[in-house]
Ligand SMILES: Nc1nc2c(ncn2[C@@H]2O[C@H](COP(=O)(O)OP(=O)(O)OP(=O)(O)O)[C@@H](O)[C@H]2O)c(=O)[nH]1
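In structure tokens, the next block holds one chain alone, the form predicted on its own.
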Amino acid sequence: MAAAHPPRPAAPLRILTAVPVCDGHDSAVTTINIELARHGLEVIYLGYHQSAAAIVRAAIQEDVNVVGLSSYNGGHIVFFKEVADQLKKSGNGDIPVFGGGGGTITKADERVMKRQGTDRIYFAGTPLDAMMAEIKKDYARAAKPNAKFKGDRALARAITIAESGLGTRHLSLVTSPQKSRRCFVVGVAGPGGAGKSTLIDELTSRFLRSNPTGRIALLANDPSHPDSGGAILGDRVSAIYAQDDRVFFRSLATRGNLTGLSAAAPAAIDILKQSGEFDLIFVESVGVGQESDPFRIFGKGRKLVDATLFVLAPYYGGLIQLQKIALLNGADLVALNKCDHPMAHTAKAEIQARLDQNHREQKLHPTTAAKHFDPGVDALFTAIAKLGRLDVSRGGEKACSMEVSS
């Protein structure tokens, strides 16, 4: 008799945390985020000074179990209600909302907020271990297919199911034969601290301006903690332009996969491609080392992306370090970011010399993604558009839509 397979471990609970608009500090929520991750939860942190629409959009696209808000600046009765109302109005009222606010939220406020849709409030002095145990007990739930989900929530749930180890079994929920956009997938890799997330955000802004009707998707991979299994998924903090409804942003934790991507990343890419929604997809790996090949560009298995962008900062450690980075041999595009750094001039020459040794006519793109109108980012986007044959001829500016996608 064959031995029984061990039960599949439950997927980590996913929680979106944020600080409301007009609240300009995040010291309290940062402490809570670390504690949540230490207890094995995956925390998608949106940042502070966030609107209700931004929080709801992120909750939908991340398909979170629950939203946790930290409010210390007043206005919590109105704000929490607005978040709960927008979730319900968009057909996503199954996502509960809880929060805390030290001494600013009173017991009387709590009674009003619960009547208006807030699930619970944690007050100052609540033991952290008790709080974590309650969150894990009350908000954990299995992700199942739901035919009632539409739009971004249907995409998000399909990715969640893929993360649970079920692959693309439920692609029928998101595949649209009426939509047939030609989709170009770009993998973005590079060491931690090179500014990959900010660069992707600036490239997103170029796409939105140059293609006023297209959609773009971002898959951002971050490492899980090897001890607890939790993670802090913080790339949305840098994603200013993800507040446009034409941007789909999903955070993925590696959950022990050592390739630089979540094991579900290949399935997530397929889900986004087969939805027919997107012209361009960026897949960001975790900060990679010298031997990493997260997108399989050297022929080990099915290649995951159509092109690879490798991003470096000027402080990479010298010529010998450049020689060790295998991805520089195979990258379709190479960017030296943070070119406002004093070491950038020397770095440009060294990196271009390293690329010339590959005899592939690779061009280095100097960028400073921290500047919103950097000509280097313009040139890099033009190169990506040309490589992917993206339709950017229509031009025109389009203000970021703040409506909530269901």
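Owing to the predicted nature of the structure, the values given are computational and were not obtained by experimental measurement. All residue numbers are counted from 1 along the displayed sequence.
Below, we turn to the form predicted in complex with the ligand, even though it does not appear here.
- With the partner omitted here, the residue from S197, N92, T160, T308 that has a non-hydrogen atom within 4.5 angstroms of the ligand in the model of the complex is S197.
- Contact with the ligand in the model of the complex, judged by any heavy atom within 4.5 Å, is made by just one of G318, P212, P226, G192: G192.
- Proximity to the ligand in the model of the complex, taken as heavy atoms within 4.5 Å, picks out 364 to 372 from the listed stretches 39 to 47, 364 to 372, 53 to 61, 347 to 355.
- The shortest heavy atom separation between E284 and the ligand in the model of the complex is within 4.5 Å.
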